[in-house]
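This document starts with one chain, in the form predicted alone, laid out as structure tokens.
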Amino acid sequence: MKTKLTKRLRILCGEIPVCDIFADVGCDHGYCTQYTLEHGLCRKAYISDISAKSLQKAETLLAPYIAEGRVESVCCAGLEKIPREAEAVMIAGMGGEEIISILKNGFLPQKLLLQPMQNVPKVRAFLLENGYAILRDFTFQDGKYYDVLFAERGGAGRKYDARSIEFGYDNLHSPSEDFRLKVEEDITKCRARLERAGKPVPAVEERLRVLAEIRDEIARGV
């Protein structure tokens, strides 16, 4: 029986590329790996987590695949025990700086699917600085707002300027309703911060100016 996925997991699974060997770092329950195998997106998968207790949940879900030798479970920090032959790696639900640290201390696979919880601009900048083309980069809402990045080493990438690094390429060039709502909410938050401060706050005022500009561009369909 197939697991009913949350919206967040459905969107993540929809971005998993076809590959030979897939790795899910910090795999939680293992639902994304299950989806990958059920849909024939990979031949073999590695699941990992720094917590043996957390990893056990995924091992239980994926027990038939483990018995077949199609899934290998490793308890480790980041990519420590993931073989470099894994050409597609997913890291979701961690902070952006933690994701960057995992990649710096591990290896840079051919394909990366990332869902950082904070510091997303830092992740974009890291990918671009390390030879990745960011092919998908968007925000969606599922109770809270999430960002998804899919990147591949080498190849033709899209031109990222400072604003694309800050807000996401797809959000600016083909904005979704979720991103529009996030911009409106961020504008409201900036105004509230300025009102509480009761004095000029240059960084917040500049953020508000840029957000208002993006909101107006979305409204005009630019």
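In this text the structure is predicted, and so the values were computed from the model without any measurement. Residue indices: 1-based, along the sequence shown.
Just so it is clear, the following notes concern the form predicted in complex with a small molecule, a form of the same protein that is not shown.
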{"item": "Region of this chain that lies against the small molecule in the predicted complex, out of 71-79, 105-113, 119-127, 132-140 [heavy atom, 4.5 Å]", "value": "71-79"}
{"item": "Contact at Asp147, Lys189 and Leu208 by the small molecule in the predicted complex, all three, heavy atom at most 4.5 Å", "value": "no"}
{"item": "Ile47, heavy atom within 4.5 angstroms of the small molecule in the predicted complex", "value": "no"}
{"item": "The small molecule contact at Leu9 in the predicted complex, heavy atom, 4.5 Å", "value": "yes"}
{"item": "Distance check, Ala23 to the small molecule in the predicted complex, heavy atom within 4.5 Å", "value": "no"}
{"item": "Ala86: touches the small molecule in the predicted complex, heavy atom cutoff 4.5 angstroms", "value": "no"}
